[in-house]
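First, one chain by itself in structure tokens, the form predicted alone.
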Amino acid sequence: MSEITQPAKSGPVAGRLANNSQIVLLALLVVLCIGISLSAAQFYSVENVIAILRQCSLVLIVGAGMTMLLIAGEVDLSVGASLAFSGCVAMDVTNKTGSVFLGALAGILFGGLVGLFNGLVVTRLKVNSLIATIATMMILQGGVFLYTREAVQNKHQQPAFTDISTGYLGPIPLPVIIAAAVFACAYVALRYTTLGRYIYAVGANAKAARLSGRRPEQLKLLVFVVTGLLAGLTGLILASLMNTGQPTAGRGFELTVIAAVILGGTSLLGGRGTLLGTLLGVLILKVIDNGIIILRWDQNLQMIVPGVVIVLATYLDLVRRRADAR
């Protein structure tokens, strides 16, 4: 036991902080909430809290899939473009069929097809997932304008479509309930099932996992599809919130998701991460975004913060791995 605990005691401060990242993140979240509320009393208003939760729900849904994907040793940079295209598909099919159900199904399945395409390119063609999904992002960003030259409006103004994002179940907004359900399912799958153990094993050492009888390619393909489906679901919710399918809606969304996930302690190198950490990462980023707005700071800071987070979180991950090696 002393051999296990010794590195944490003798390591650098950064290493100890990295090994207790969830406690640090929780403390940071509390400090941020207190600091912003002291400068802006409306921070704790019901309307503002609901606004934060709505924004968190969009990132958390995709973040659940991205967490599993990063743990498996892969990444998907096309989720932003995918959710924008999925929203356009959902709105277009709803307009053409008059059915919100068919529109929602089409949007989610389109996201799943994008995930399937990414997974096949990575697992069958052996293209690095970073390169493969950047290519997919570019294809989708151009393809959505071939599919629709402009934003797809809700022609029939169906309340059922807007209720997806603006509706409530009791006092809780529907997007928050959807995000909670997705988070709960992903948490159970990752922590308490054989599938979750395989995801960690493949990300930690794919060769060892293959030698033990597991098939990393099939597992990675599955996680890519799940991430795509969740991007499609988020695209549906976002299109409902805007009451239109907007081709540029997902620009930069993928960076926010990745920043939240790695801030939560998930390693870019695979094999390490938790969904609870991702939840805390999402909350921190969205509280910062909200603080920038209500404090009336320059909103360009909202793009700067995720970039800074990615650099710092990646550095802490490297420090943590060095501490583990010692």
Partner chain sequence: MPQSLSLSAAAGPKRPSEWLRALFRRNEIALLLSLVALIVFFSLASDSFLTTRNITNVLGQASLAMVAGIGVGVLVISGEIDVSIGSLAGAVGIPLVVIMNMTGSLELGIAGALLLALCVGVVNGFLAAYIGINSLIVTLGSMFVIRGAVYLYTGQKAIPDDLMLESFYQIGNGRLFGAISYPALVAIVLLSAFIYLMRHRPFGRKLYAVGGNPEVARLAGYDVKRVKFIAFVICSLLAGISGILLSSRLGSAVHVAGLGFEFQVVAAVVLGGVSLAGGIGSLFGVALGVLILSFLANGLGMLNIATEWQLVTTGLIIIAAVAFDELKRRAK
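So that the term is clear: the rigid core is the largest set of C-alpha atoms that superpose within 1.5 Å between two forms. Because the structure is a prediction, the values reported are computed rather than measured. Residue numbers count along the first chain shown, from 1.
Quick note: we don't show the form predicted in complex with its partner chain, though the next part is all about it.
Have a look at Leu53, Leu268, Leu276, Cys33 for me and say which one sits with a heavy atom within 4.5 Å of its partner chain in the predicted bound form. That would be Leu268.
Among the candidate residues Ala160, Val127, Ala181, Leu169, which is the single one with a non-hydrogen atom no more than 4.5 Å from its partner chain in the predicted bound form? The residue from Ala160, Val127, Ala181, Leu169 that makes the contact is Val127.
So if I measure heavy atom distances to its partner chain in the predicted bound form, which of the stretches 24-32, 60-68, 259-267, 276-284 falls within 4.5 Å? Looking at the other structure, the answer is 259-267.
Since only the chain is shown here, I'm wondering whether Leu221 would be in contact with its partner chain in the predicted bound form (any heavy atom pair within 4.5 Å). Output for Leu221 is no: heavy atoms all beyond 4.5 Å of its partner chain.
Exercise: Leu116 in contact with its partner chain in the predicted bound form, heavy atom 4.5 Å: Looking in the predicted bound form, residue contacts with its partner chain do not include Leu116, since no heavy atom lies within 4.5 Å.
May I ask you to state whether Val93 is within 4.5 Å of its partner chain in the predicted bound form, using heavy atom distances? No, no contact at 4.5 Å.
If you check in the predicted bound form, is Gly143 within 4.5 Å of its partner chain, heavy atoms only? Within the cut-off, so yes.
Let me know which residues along 57-91 have a heavy atom within 4.5 Å of its partner chain in the predicted bound form, or say none if there are none. Counting only heavy atoms within 4.5 Å of its partner chain in the predicted bound form, the single contacting residue of 57-91 is Leu77.
Relative to the superposed rigid core, does the CA atom of Asp298 travel 2 Å or more between the shown form and the other one? Yes, the C-alpha position differs by at least 2 Å between the shown form and the other one.
A 3 angstroms or greater change in CA distance between Ile310 and Val30 is reported in the predicted bound form. Closer or farther than in this form? Relative to this form, closer in the predicted bound form.
Relative Cα spacing, Tyr198 and Ala313, in the predicted bound form - shift of 3 Å or more: So the answer is farther.
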